[in-house]
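Just the one chain here, laid out as structure tokens, in the form predicted on its own.
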Amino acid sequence: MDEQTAVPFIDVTREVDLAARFPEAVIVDVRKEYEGYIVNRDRLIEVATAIRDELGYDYLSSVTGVDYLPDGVMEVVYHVYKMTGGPGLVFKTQTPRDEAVVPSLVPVYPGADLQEREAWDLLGIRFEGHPDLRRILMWEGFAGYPLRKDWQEAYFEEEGKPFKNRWPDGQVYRIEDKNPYENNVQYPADFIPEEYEPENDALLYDSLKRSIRGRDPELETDVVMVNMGPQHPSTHGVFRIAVALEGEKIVALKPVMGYLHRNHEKIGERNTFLQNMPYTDRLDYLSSLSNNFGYALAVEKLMNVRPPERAEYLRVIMAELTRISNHIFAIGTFLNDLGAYFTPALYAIKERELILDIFEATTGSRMMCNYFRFGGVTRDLPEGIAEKIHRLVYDRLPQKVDELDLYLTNNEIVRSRTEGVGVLTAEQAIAYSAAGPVLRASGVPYDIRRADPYSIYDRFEFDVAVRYHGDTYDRYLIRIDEMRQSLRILQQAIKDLPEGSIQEGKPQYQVRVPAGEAYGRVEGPKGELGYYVISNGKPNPWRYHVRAPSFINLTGYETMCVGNKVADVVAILGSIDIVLGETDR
């Protein structure tokens, strides 16, 4: 391809004080250890537009709903950033809890689409003007909004852990045995399951019809609705793609998720802060250590602690090994999706297994590592593992990445199936809040490790990988590029790894987290992984929200697919590299 997309230029020099710019609509959030601005919901669209166009915060990272039950208020929290780099801006809007309605920001930031649907689904906040406000993780007949503080499941035991029957009493029993419901289900009043006619498919297909575009005006053809998944092999039994086809051309597409949803965030608000660490492993179960990293940063901000030098280096080493492990596996499975059944995947899995050997020796587990702690890590490198990492990152892995590049990059079938397919321009990628390889393959050189550095990433020399065509081929190439940059970081980290402590203070089974809010974000293998955490000073988080890149990167999936063939749907999905544990949470 000769045409290249480019990052749009935005003048970000006209900084203004938001409260001064909108004195009747905006106030500074003065709650202790909170930040940002509170915006009058009636002026939200106007203020958000000014934030984007006048202040230059062109990238919406996260939309989070919060239930302040004691105050009778629902709050929506927005984190926005500049694609030119630097720290973010936080603004919020509030609405009465018993009539929770706020304007949709999809017209300003299209990346709010799926995130607003999630807040509607789980918290019951209605976003007025949203183009497609349907449930997204729960089924349409579900009663209530499970992230509300007064919602209780059929097997409800207590609001927070540890449950009294476990500790300190030690009189363990099964709550199921004391619950009047025989099944873990709870129906609304007057609901008869046998007579229920689900409306979710009707709503889905109606949305699909409204979304149809790009039809041939000169041909009178039928549009056929087709479901790919959840039984489809490439969607792993837990993801569904509803497509509208004109012949073999895609004219509309809707991703359907929620088949793996387990309300990770509700569990997180019942857990203690420390109990949540192993739960983060289960989000992107291919990238456990990156998941640990983001959550640790958020809570450490609230606790105002910083890990020792050696712990910081160990964190970076584990995170970059995780990135390589993820990308090499993603390339192998992507080739599977193209039809190269399992031969490239086996080559990739072999190298991933060597990295998992490092994880197992260091953390005690190959996939669910539970390695990070607030203020450090759980244990040091065992004897001989530093040398093993050295051999891996200096000798074997560079050679194997080159081999993958040699075998696949100029393969004529790979190129014919991927070049010019599933294009997402730079402007579209920013608008849809795309992150990670998806964003950088569209010509946007934004990497949190460089743009808003965390931990000790500002000490390392590496380049932000970027490609400019925004197609499926470039999303493959960007992962090859990123593995090489990760190897550069690893070589420096291993060489400079200092001696010393791996934990600030002594290990704790319970931590005191001061009241306040914090957002911790990392450049995970799939993109920006963020954790928004609110503490009220008690052992359990008041709010625990995950900004999941696998979920948000699907916002632009329809745009990537429309105009392509039905055979391209799976290839494009493979190039996004989602994992359903993170998508559904």
Partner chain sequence: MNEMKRENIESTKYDIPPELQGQVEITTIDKIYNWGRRSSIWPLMFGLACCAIEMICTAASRYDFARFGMEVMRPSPRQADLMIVAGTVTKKMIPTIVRLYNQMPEPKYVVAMGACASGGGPFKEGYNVVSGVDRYVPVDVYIAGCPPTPQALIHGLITLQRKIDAQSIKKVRWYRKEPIEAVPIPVLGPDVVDPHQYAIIHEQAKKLHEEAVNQAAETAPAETA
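In this text, all values refer to a predicted model and were calculated from it rather than measured experimentally. Residue numbers count along the first chain shown, from 1.
The protein also exists as the form predicted in complex with the partner chain; that form is not presented, and the subsequent description refers to it.
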>> Contact check in the predicted complex: Tyr196, Tyr259 and Phe329 versus the partner chain, with a cutoff of 4.5 Å between any heavy atoms. Do all three pass?
In response: yes
> Quick one: which of 259 to 267, 246 to 254, 462 to 470, 507 to 515 gets within 4.5 Å of the partner chain in the predicted complex, going by heavy atoms?
Replying inline: 259 to 267
>> Would you classify Asn411 as touching the partner chain in the predicted complex, given a 4.5 Å non-hydrogen atom cut-off?
In response: no
> Would Trp139 show up as a contact with the partner chain in the predicted complex if we use heavy atoms at 4.5 Å?
Replying inline: yes
> Quick one: does Ile349 come within 4.5 Å of the partner chain in the predicted complex, counting heavy atoms only?
Replying inline: yes
> Heavy atoms within 4.5 Å of the partner chain in the predicted complex: does Pro445 have any?
Replying inline: no
> What is the one choice in Glu403, Glu419, Glu176, Glu427 with a heavy atom within 4.5 Å of the partner chain in the predicted complex?
Replying inline: Glu176
> Using a 4.5 Å cut on heavy atoms, which of Ala361, Ile494, Met367, Val305 is close to the partner chain in the predicted complex?
Replying inline: Met367
> Using a 4.5 Å cut-off on heavy atoms, what residues in 87 to 122 are near the partner chain in the predicted complex?
Replying inline: Leu122
